[in-house]
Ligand SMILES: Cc1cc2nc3c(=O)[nH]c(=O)nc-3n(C[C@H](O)[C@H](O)[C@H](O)COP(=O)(O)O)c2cc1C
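Taking the form predicted on its own, here's one chain by itself in C-alpha cells.
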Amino acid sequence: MIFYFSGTGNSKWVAMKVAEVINDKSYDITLIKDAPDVNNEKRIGFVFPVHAWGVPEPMRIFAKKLQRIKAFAFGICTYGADAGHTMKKFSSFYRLDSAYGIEMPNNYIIGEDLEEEDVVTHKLENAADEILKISQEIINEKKVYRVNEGKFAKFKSGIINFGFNKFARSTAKFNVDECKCTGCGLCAEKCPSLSIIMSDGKPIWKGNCYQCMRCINICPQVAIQYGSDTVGRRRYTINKYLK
C-alpha cells in the first residue's frame, strides 16, 4: 500500500507512478475514514509534499495512527528545492527503511511566482526518471536515504517549520474576486482540510488550513487570492503538464 497526501497533484502523480511500476495501489489519505488493515502488506509507502521543511499535518497524523508492521517501509517527499530534515522527522514516528526526495515544480505561489515553463518541464522529466530508479530500489528493498536536505536543514525543519505551523497557516488573507467567481464550489469541494464553506454562492475560509495551495491553484477563474501576494502570479496544477 502507498498512502499519499497531495495539494496540486505532484505527490499524487509520484505515488501513482510508483504504484504502477511496483504493482501496488495508492490511496489518498484524506479519503480514508478508518485505519486500513495493513497486516498482509509486504510494503508500506508514504508520499507527500514538504511544507516549510516539514511533514504536512494530515500525513503526520495519519502515519502516527497507522499500525506498525514488519513490512518494508519507504517514504518519498516532493519539494521545490530541498527538504531539510523532513524525512528524518517522519522516520522518528514511523520508521522508514528507505527515504527519498524528488524535486518537483514549485506551487507555493504565496511565496513566489511559478517557475518558467521550461524549468517545470525539465523538473517533471527528471522526476519521471527518478521515479523509475526509486521504484526498482523499492522492489529490491534496498535501504536508501537520498534526500536533498539543503543548507541549514536543522534550523529550517525546526524553528522555521514551527513558525509556519504556528503562524503562517491562517486563512485570514484568503479572499475571492466576486466579479470573477462563478460560485462553482470547486474550492470547497476539493479542500482537504474542509476549511472552505460556500455562503451565498461564494467561498468563505475558516481556520484549519494546511496551506496545500489546492484551492488557489485549481480555481478555474483564477478568482482566489492570498492578500496581494498572489495577484498577477500564475497558477499550477500538474494535470496541465501530463499528457
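It should be emphasised that the depicted structure is a prediction, and the values quoted were computed from it without experimental measurement. Numbers for residues come from their place in the sequence shown, where the first is 1.
The protein also exists as the form predicted in complex with the ligand; that form is not presented, and the subsequent description refers to it.
Partner proximity in the model of the complex: Trp53 to the ligand, non-hydrogen atom cutoff 4.5 Å: Yes, Trp53 sits close enough to the ligand in the model of the complex that at least one of its heavy atoms falls within 4.5 Å.
Does the 4.5 Å heavy atom contact test between Met104 and the ligand in the model of the complex come out positive? Yes.
Given that the ligand is not shown alongside this chain, does Phe162 nevertheless sit within 4.5 Å of it in the model of the complex, heavy atom to heavy atom? Residue-level check for Phe162: no, no contact with the ligand.
Using a 4.5 Å heavy atom cut-off, state whether Ile44 contacts the ligand in the model of the complex. Result no; Ile44 lies far from the ligand in the model of the complex.
Counting only heavy atoms and a 4.5 Å cutoff, which of 138-146, 91-99, 67-75, 106-114 contacts the ligand in the model of the complex? Single hit among the candidates: 106-114.
Looking at the ligand in the model of the complex, which residues in 209-225 have at least one heavy atom within 4.5 Å of it? Heavy-atom contacts within 4.5 Å come from Gln211, Cys212, Met213.
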